[in-house]
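Shown below, as C-alpha cells, is a lone chain in the form predicted alone; questions about how it binds or moves come after it.
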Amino acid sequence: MGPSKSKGRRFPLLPLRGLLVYPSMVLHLDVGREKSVKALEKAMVEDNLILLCSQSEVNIEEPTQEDIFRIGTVANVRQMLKLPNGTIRVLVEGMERAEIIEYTDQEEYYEVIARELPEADNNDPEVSALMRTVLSQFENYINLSKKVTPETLAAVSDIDEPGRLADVITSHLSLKIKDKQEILETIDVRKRLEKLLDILNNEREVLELERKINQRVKKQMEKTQKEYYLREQMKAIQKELGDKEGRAGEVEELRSQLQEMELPEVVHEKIEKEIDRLEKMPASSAEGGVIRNYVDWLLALPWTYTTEDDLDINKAEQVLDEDHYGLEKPKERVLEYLAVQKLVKKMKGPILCLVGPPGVGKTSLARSIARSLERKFVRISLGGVRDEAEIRGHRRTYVGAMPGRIIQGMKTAGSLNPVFLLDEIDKMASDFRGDPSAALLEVLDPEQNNTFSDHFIEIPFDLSQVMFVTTANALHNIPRPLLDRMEVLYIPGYTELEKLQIATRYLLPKQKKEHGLQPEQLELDEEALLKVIREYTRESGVRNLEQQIAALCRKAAKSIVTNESESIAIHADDIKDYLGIPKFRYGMAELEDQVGTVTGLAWTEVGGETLTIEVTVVPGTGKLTLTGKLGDVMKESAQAAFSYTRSKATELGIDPDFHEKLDVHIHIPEGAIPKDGPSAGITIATALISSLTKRHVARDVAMTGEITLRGRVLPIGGLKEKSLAAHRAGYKKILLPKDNERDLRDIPDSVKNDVEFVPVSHMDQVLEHALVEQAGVH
C-alpha cells in the first residue's frame, strides 16, 4: 500500500522495550540504543513528533520489522536531557494511535510511514454504562491491589472520553505487554472497554486469591512465630528457675543419655528419630507419653553390654556342689558348656529343659548355674500364661502397651548373656488371644533367636547369647515343636539316703538361720531326720521335708523364747511330740500275703507312687465292674487283663465258664484321685488270676508293665521314679518289663542294693514270681 493512497506520514520510529505508551500519556523514557538516539535527534530537528512502538520480546537488542508491533502511538517529544552515562532522558506525550504502513529506512535509524488512527466520538448510552462498570471494577481493583493509589481513581473518574478512560486505566494496571498492546490495537471504543472489563475481572479474581493465600500464610507465620517466642520464653523461665521438668529438659536429658550409651547404629538412629518427634510434639499431646515410654524402654535394654563368663571349671563345679547334692547329669551338662565356651570363645547359649517332680530343685539349680558362670540371673514364670502378647508384647498403638515378658526379663537382667529361667513351661495354656507356646518357638530356637522380634520394641533383639533354662513337671504337656528345640534333662527324685544328705547339709542349716536359731540351739540326729522322711513325707522332692524341718525349728524357737530351755536336741522318739501322729506308714502296704491284692507302680507328675489293686470275685452273671476313678487307658488295660485270663483259664486251673458264673470287681483305692496309663496291665492280671485261683500274692513284690492279649509284657516309662517309690514303701522285689532292663543303669546303687529287679517278658514269669502256693488249701 503506497503512502499517497493511505495518507500516511513519515515518522522516525523509537522501539520500546517492556513499555507501552498510550495516547494522552505523559512519561519519561531513557533512550540508550544508538538507532533510537538518532531517531530522537531526527524528530527534534523536524516537528518533535516520533512514533513509539513496543517490541514483542524485551531482550532483542536490534529488532527487525517482525519484532515490532504494527500499531503504536505518535508522541510529542517535550524535553530532552543528556545524562552523564550517555543515556538520553526524554519526556514524551502520547498524541494518538498510528499504524505502520512500511519501513523506509532501517540502517541509520528506523523510519516508517504510518497512518494515524483517530478515535471516533461515541456517545452511545451502552458505552456510558460500560464506562461506569469499568470504573467500579477499577475501584475494586484499587481496593484489592496496593500498587495503585486511591488518588488515581479520583483522576480517572474525571475523564469523560470513553477511549481515553480505557487507555488511562490500562496504563495503571500491571499487565503483560501483550495484553496492553491488545488494548492499544482495539480501535473500536466499545470493544476496548469490553476487553478492559474482562481483564479487570480476571485481575480482581487473581488478586482475591492472592489475598486469601497471603492471609493464610500470614496466619501460619504468626502462629509459628508466636509458638517460637513462647517456647523461647518458656526455656528462659525454666533456665532461670533451674527447672528441668519441661519437655525441653526431658529431651535434653534423653539426648545426653543417648550420647553416653554405646548402641548399634540402627537403634541409635531409631532413638534419635523418636526424640526429634518428641521435641516437636506439643506438651499436651498424649502421643508424647507413648513416645517417651518407648524411648525409655529402648534406652534401658542391654543392646551391647555383656558380663564376662568365669571359665574356671573347677570353681564352677565347686559352686554347683555347694548348692545341690546329687543332680549329676544337669551339673555335668553345665560344665561341658563351660569347657566348650573356653575353647570356642563364643557360643550360642544352650536351651536346657529340666523335667522332674516338684521340690527336686529345678529352679534353684538354674540360679546356681548363673552363680557358677558369674552371669546375671532372671526368672519368669509361665504358669497360667494364655496370651501370646505376654511373650511378644503389644503393638505401640494400644493404650498401656508394654514389651513381652522376654524383653522385660532382658531389661531386668541388664546384660545380653544372662541365665534366663522360664519356669513352669508345661503350665502354659492357649485361648482366643493366641498360643503363647508358639510365640516361644522363636525365643527358644538357637537359629532364630539372634533377631527376636518384639511387637513393642520393633527392632530385632539378640537373644543368642542367653542361656535359657526351662522347667517342667511333665513332658506330655509341652507342645512337640517347642520340646524339639530344647535339651531335656530328667531329675527323677531323690532316694532316702539322698534326702537325708540334703536335709543335713542344706535344709536344716538354712531353716535354723531363717528361724534365728544358732547352730547349737537345735540338734536333730540322723535317726530323727530319717523318721521325718519316712513317716511324715511321701514325695520325690524335698519341699514337704523342708516344711516339716521348718515346723521343728518353729517349735524350738518357741521353747527358747519362752525360756523353757536354752537348746533343744530332738531324737527319733521325740518327733511324735513335735509333729503329731505320723502321716504315712513306712514299709509295705500289706503285712501278710493276700489273695487278689497286688501292688502296682505308677508314675505321676509329682513322682512315683505305689498303687494297690484289689480284685474280688462273687457269684453272678459275668459282670466286670471297674471302680477307683480310672481313665480310659486303664479301663482298657483291665479289659485286656480280663480277656487274657479267660484265654488262659484252663492252663491256670480256672473254670473256663467263670465269666458266665461270676461277677468280677476290680478296684483301685484312693477313689477321688484320677488314675490312668497302661502300666498297671500285669498288676490287674495278677490280681485277677490270684482271686480266681485263690492263690496268695507275695507281699514284698511290686510290679509294673503293660499287658497284651497274648500275655506279653510291654515296656513302660518312669522306671526310676517308680523304683524309688517301691523302695520308699519297703518292697524287696520289683517285676519290670524285659525291655526296660536298659533303664536299670539310672537307678541309684542304694536302691539296687535293697531291691531285687526281675525283668519279665511274659505273664507266666510274672505269676511265677508273684504268686505263692496256698498253705493247706486246694
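Please read these numbers as outputs of a predicted model, since none were measured by experiment. A residue's number is simply how far along the shown sequence it sits, counting from 1.
If you look for the form predicted together with ligand ADP, you will not find it shown, but the lines that follow are about it.
For the chain shown alone, residue 420 is not a contact residue for ligand ADP in the model of the complex, no non-hydrogen atom being within 4.5 angstroms. Taking the partner from elsewhere, residue 393 is found to have every heavy atom lying beyond 4.5 Å of ligand ADP in the model of the complex. Although the partner is absent here, residue 510 lies within 4.5 Å of ligand ADP in the model of the complex, judged by heavy atoms. Contact annotation: residue 546 falls within 4.5 Å of ligand ADP in the model of the complex, judged by heavy atom distances. The chain is drawn here without ligand ADP; in the model of the complex, the stretch among 251 to 259, 81 to 89, 358 to 366, 107 to 115 whose residues come within 4.5 Å of it by any heavy atom is 358 to 366. Shown without its partner, this chain lists 427, 172, 324, 534 as candidates; in the model of the complex, only 324 has a non-hydrogen atom within 4.5 angstroms of ligand ADP. Among 138, 468, 494, 644, the residue placing a heavy atom within 4.5 Å of ligand ADP in the model of the complex is 494.
Candidate site formed by 502, 506 and 542: every one of these residues places a non-hydrogen atom within 4.5 angstroms of ligand ADP in the model of the complex.
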